[in-house]
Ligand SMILES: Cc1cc2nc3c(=O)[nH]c(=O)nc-3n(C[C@H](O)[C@H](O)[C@H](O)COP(=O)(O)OP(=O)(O)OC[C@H]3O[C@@H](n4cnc5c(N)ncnc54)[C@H](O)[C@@H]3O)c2cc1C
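Have a look below at one chain only, the form predicted on its own, in structure tokens format.
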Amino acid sequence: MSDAKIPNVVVVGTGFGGLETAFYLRKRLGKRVQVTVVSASEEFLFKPNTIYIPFGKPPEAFVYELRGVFAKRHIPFVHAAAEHVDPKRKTLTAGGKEIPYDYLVLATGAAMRPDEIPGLSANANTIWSPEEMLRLRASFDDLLKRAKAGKPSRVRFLVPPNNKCSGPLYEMVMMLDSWLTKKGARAQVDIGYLTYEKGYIQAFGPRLNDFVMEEFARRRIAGQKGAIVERVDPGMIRLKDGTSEPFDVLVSFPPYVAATRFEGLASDARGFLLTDPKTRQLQGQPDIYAVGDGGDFPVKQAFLALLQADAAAEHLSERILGEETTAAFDPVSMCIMEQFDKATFAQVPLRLTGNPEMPVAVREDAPGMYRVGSGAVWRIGKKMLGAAIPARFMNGQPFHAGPTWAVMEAGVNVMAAVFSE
């Protein structure tokens, strides 16, 4: 080790996985570990709530400065992009400089690759960054003006292959319907939703699919499953079955890839790091962990990133303390999806299937944990999460592994028992 008394843990990333890991280690181990955070961003973006930007919220409402937080927790911060890892020498290269480590946690996240679908970049509103959400706001504002002037429009939402979590797109199609209805402009807008998956939000199982179908029917949204896009021309989606779908406004999540590719580390064709499913240790490199969207777990979601971070940080803590290593990642997804007039709650215990076409499925051994509900009450939970997670992180504390979540989880369980199936 670089220091025989104090192990040096380098955490790469300032998203959900990176911050949860760094703050968990500091809380669990105190001065018994040196934690350093490396990232190209010195801010935390609460990305799940950027869905509100197209409907008027300012992007800066979801951005939080981190330097002061790291200083408060005695965590050195290196403002640089990670470039290379040398496992033999145990060094990370970032910003052209080598940073030694005893243990390394990679939480470098995912990125979008719209060019996989010819014409998607040029002809669709893609949703990933705050800048893209602002561009979508302009499209929605223009849509509203057209509707107010009595001009009909077609809006289509598109989930292409290799998308790893379609939940935010589901939120936005419902939010658009509610927003236009409130503005008195819904009658002029034809809304449709196309996904390559065999079920709506396929990873979360049949129960959520049924909820989505009911919502689509109630809101007069045309849904189409198994619609695989081949290319996008101006005003026209071309599908692989030879059919076409016209649009005036197209909103799409592009295909996912790893945000940072690490040559020489075990990864799949899209750059996602291959890990032990339970411990999140990199295959062949037990002193390197990968958590969050940059890892190989098929579903990319903030809550799952928190769970992976907690599992990895606890496993690492047990190793540093010489304890028996028992920590393991248990993929029980939880999300609350906004609709403006109400929200949809889903708690889904997942398992890996080994089938690339449907890589995760609902666990059959935990039926009581599979819960889905919808109603206005769930919007309260959505707002609470939107406030609590940044508040914990801005105090240099882990969210999921702390008392705030313990209280919220108790409340969610009560709500789930009453307001879900």
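Quick caveat, the model's predicted, so the values are computed rather than measured. Start at 1 with the first residue shown and count on from there.
Beyond what is shown, the protein has a form predicted together with this ligand; the following relates to that form.
Across the proposed site, Pro160, Ala217 and Val372 without exception lack any heavy atom within 4.5 Å of this ligand in the predicted bound form. Shown alone, this chain has one stretch from 176-184, 280-288, 143-151, 161-169 that lies within 4.5 Å of this ligand in the predicted bound form by heavy atoms: 161-169. Proximity to this ligand in the predicted bound form, defined as a heavy atom within 4.5 Å, holds among Thr260, Gln339, Ser252, Thr275 only for Thr260. The partner is absent here; in the predicted bound form, the one residue of Phe247, Phe297, Phe345, Phe303 having a heavy atom within 4.5 Å of this ligand is Phe303. Val12 belongs to the set of residues with a heavy atom inside 4.5 Å of this ligand in the predicted bound form. Using a 4.5 angstroms limit between non-hydrogen atoms, Gly109 touches this ligand in the predicted bound form. Contact annotation for Ala40: at least one heavy atom lies within 4.5 Å of this ligand in the predicted bound form.
Among residues of the shown chain, Ile201 is not one whose heavy atoms approach this ligand to within 4.5 Å in the predicted bound form. Heavy atoms closer than or equal to 4.5 Å to this ligand in the predicted bound form belong, across 41-59, to the residues Ser41, Lys47, Pro48, Thr50, Ile51, ordered by sequence position.
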